[in-house]
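The data below hold one chain only, encoded as structure tokens and taken in the form predicted alone.
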Amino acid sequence: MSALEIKPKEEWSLSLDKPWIISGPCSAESEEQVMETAKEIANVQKPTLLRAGIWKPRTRPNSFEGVGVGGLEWLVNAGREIGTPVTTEVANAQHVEACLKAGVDVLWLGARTTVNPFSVQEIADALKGVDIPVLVKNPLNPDLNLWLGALERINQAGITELGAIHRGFSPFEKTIYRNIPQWEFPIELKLMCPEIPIICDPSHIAGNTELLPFIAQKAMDLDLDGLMIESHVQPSVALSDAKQQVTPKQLWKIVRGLVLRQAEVDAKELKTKLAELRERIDRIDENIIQFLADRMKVAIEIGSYKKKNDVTILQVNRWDEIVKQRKYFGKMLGLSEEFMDRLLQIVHKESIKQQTTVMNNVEQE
């Protein structure tokens, strides 16, 4: 268990009905854009918190890196207009001081900050003696201790309204996600710190709008406390992360489509264990798909070799050998012969299809 000393969610100074919905543009781009986005979101339903990035730590220079301090006034005014507290990301002591002066209600630390204990400590020092809620995103890499350490540093500064944001982890290889969710990490954090609220950031996990509903529902099924979803009045012209932002109407369509299940207090341990097991299945399935894709790449190479050497695609003796060996191996691992037959036929059919494409491809001179 963690040594965090924090207030239960029910005792926070903010009104935090579950699920929390934190939304607004990825970046504050203009006063009009922030105000219009806020009003359109609130016209459908007021969010728990209105967000907007003021400083944007981009991966490479010469891209839009935020409007800076001037945008804080836009955000605060927009929040007052719709009657909603506001939040933004801070990455150093100067950001903290500017936000406190401007009247920002909630601060959050981004993944690039969480990964650096020196930066976290600088922010913690700037927060000493201040009573303000703080949320901490997971670090870029899947390191639970690094995430927990950042939370502990902020807590030791005297912040008791403390929460976490799960935004996934940077992948080494291309996947369907912008950041791999690895749900076992927020689950483990929940086990270690039962009182801490955990928000999911589907926008940064997905990197696109198509996966948002699926990820949002998964977060609710894991009993996370809310969602941070980026919303922009015109996502297509957004200056940062345009592909993962939705319109305010799309935002509320996602939220209202969620199935919210009640957590049985007496069955919390069982529910958490079930979620852990399902996450293991998800990870295994992802590995299976990756291995199948790798297998097809090899099949394509074989097809190219056969084409160059005038060898037929189908080699019956080789296929019979594969079937016998794989079925025996499957049986030893508890898989039925029927299942192995069906699986091998599907894989073989796709392999032949891939090799046929190679065989019939006429290279241009």
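In case it trips you up, residue 1 is the first one in the sequence shown, and so on. Just so it is clear, the model here is predicted, and its values are computed rather than measured.
This protein has a second form, the form predicted together with phosphoenolpyruvate (PEP), left out of what is shown; the following refers to that one.
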Between the options 218, 95, 153, 167, which residue brings a heavy atom to within 4.5 Å of phosphoenolpyruvate (PEP) in the model of the complex? 167
Find the only residue in 197, 110, 71, 133 having a heavy atom within 4.5 Å of phosphoenolpyruvate (PEP) in the model of the complex. 110
Would residue 232 count as touching phosphoenolpyruvate (PEP) in the model of the complex under a 4.5 Å heavy atom rule? no
Is there a heavy atom of residue 190 no more than 4.5 Å from a heavy atom of phosphoenolpyruvate (PEP) in the model of the complex? no
Residue 299 within 4.5 Å of phosphoenolpyruvate (PEP) in the model of the complex, heavy atoms: no
Residue 26: touches phosphoenolpyruvate (PEP) in the model of the complex, heavy atom cutoff 4.5 angstroms: yes
Looking at 336-344, 49-57, 310-318, 33-41, which stretch has residues with any non-hydrogen atom within 4.5 Å of phosphoenolpyruvate (PEP) in the model of the complex? 49-57
Suppose contact means any heavy atom within 4.5 Å; which members of 183-221 contact phosphoenolpyruvate (PEP) in the model of the complex? 201, 204
